[in-house]
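The form predicted alone is given below as one chain in structure tokens.
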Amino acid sequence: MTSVGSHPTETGRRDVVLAAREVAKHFPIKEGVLQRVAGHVKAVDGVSFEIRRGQTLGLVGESGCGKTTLGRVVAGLSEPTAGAVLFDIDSETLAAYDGGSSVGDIETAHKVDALTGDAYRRFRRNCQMVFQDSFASLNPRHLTIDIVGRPLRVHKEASGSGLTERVVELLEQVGLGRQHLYRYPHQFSGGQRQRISIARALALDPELIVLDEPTSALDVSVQAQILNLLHELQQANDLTYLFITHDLGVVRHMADHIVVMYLGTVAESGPTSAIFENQHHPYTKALLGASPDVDAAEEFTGLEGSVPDPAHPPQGCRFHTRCPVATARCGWEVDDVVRWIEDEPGAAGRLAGVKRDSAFAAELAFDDAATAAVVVDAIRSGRIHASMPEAVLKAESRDSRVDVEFGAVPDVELSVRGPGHVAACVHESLLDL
């Protein structure tokens, strides 16, 4: 396992607020009257990182990459299918856990979904979340004083006039005031509602706040205000943030470390400076180019195709189906041919069936021999992708059937590219991209 987001620290301190180790979250696909499980959507599929006290980890990726699901797992709102989320653990203990020592005891004391009693209550008050849609996350029937004061009442931190004054103090921290105590959410602007959400998250002086796209629904000018507010609050209260966003430009000046996710896995992770100055994965480069306020935009030509189905993620490198520099080693498979057939006007609708021997070998049946010949030509000529012919071991037509086989490749693992910097890419030229 490759650990990402690691920084040397003083031994013995509980300096790691949160660590994720090979976290996975799969959702069952149920079919039929009896709702039998026919497969799983692999929303998160083996993600590891850690967040140091007082730092910000930026979790970045396109819609559908699994970052929000991962945020909910981290916050304890959803149980992981596999892996572990460890809360409030020191570097020495974390190193022992990674080495396989005292795993059971460490998980009992630090694993979020294994905590009970006082330990779980301590985690619950010290890990708060700010959601993307501020209107949906605030009860429309509750006044501001009820919304912000509820954590204080639940944990018996304040009551009566003391609670009111504490709520006023929290509102003032986020740029609001006493005059807003007795208003409903619909009486505020989007930026003000997000400030209320932040005030609620701050109520119990948490150690970690998970920020799920906190500015994406706001105007640009309001985004800057909220980002500046979050930065000021972090400096004043020594907060730790997990900042989830689709825009690398948003976290450029906030994050100490960035994890780039694609289709449920980590594509690249490293210190913010390394991610912006020396990317080692073409998907990271594409995300940078998609942000208009990042210099890399001048070199960006755009990505083709759509994000593959997370229920059937591509073999090898998951990004190879959209990668402009994909090679034969990246993992071409039968599904890549099937996806092309489904999108190709001349072949669409003529695929009668697929008989698979493996992800890399199958027999494709078509309605006529002409379509079968077209598909073989597309595979061998590089019409589907320029690098596909190099990966083909067999592509032959027999009347209306096509036997196709590609060289099997393993899933691409994260490899070290620099201090605290890892990427999942097999293209040698990208070592100095």
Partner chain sequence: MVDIPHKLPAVAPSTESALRVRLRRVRELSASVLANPTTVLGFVLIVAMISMAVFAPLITEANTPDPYQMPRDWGALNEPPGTDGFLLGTTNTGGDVFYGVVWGARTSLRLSLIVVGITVLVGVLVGSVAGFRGGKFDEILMRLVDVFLSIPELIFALAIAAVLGPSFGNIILALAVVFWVKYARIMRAQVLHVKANEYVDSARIIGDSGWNIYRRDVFPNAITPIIVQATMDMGHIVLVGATLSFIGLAEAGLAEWGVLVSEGQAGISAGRWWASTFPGLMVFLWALAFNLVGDGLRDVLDPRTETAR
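Just so we're clear, the structure is a prediction, and the values are computed from it rather than from any experiment. Residue numbers count along the first chain shown, from 1.
This protein has a second form, the form predicted together with the partner chain, left out of what is shown; the following refers to that one.
A.B. asks: Would Arg200 count as a contact of the partner chain in the model of the complex, using a 4.5 angstroms cut-off between non-hydrogen atoms?
C.D. replies: Although the partner chain is absent here, Arg200 would touch it in the model of the complex, with heavy atoms inside 4.5 Å.
A.B. asks: Would you classify Pro151 as touching the partner chain in the model of the complex, given a 4.5 Å non-hydrogen atom cut-off?
C.D. replies: Contact with the partner chain, yes.
A.B. asks: Does the 4.5 Å heavy atom contact test between Gln179 and the partner chain in the model of the complex come out positive?
C.D. replies: Judged by the heavy-atom cut-off of 4.5 Å, Gln179 is in contact with the partner chain in the model of the complex.
A.B. asks: I'd like to check something about Ala352: if you look in the model of the complex, is any of its heavy atoms closer than or equal to 4.5 Å to a heavy atom of the partner chain?
C.D. replies: So Ala352 does not count as contacting the partner chain.
A.B. asks: Of His312, Arg122, His155, Arg356, which one comes within 4.5 Å of the partner chain in the model of the complex, counting heavy atoms only?
C.D. replies: After the contact test, the surviving option is His155.
A.B. asks: What is the one choice in Ala82, Val103, Leu77, Ala361 with a heavy atom within 4.5 Å of the partner chain in the model of the complex?
C.D. replies: Contact with the partner chain in the model of the complex is made by Leu77 alone.
A.B. asks: Among 110-118, 82-90, 135-143, 330-338, which stretch sits within 4.5 Å of the partner chain in the model of the complex, heavy atoms only?
C.D. replies: Correct option: 135-143.
A.B. asks: What residues of 391-422, in sequence order, lie within 4.5 Å of the partner chain in the model of the complex by heavy atom?
C.D. replies: Going through 391-422 in order - heavy atoms within 4.5 Å of the partner chain in the model of the complex - there are no hits.
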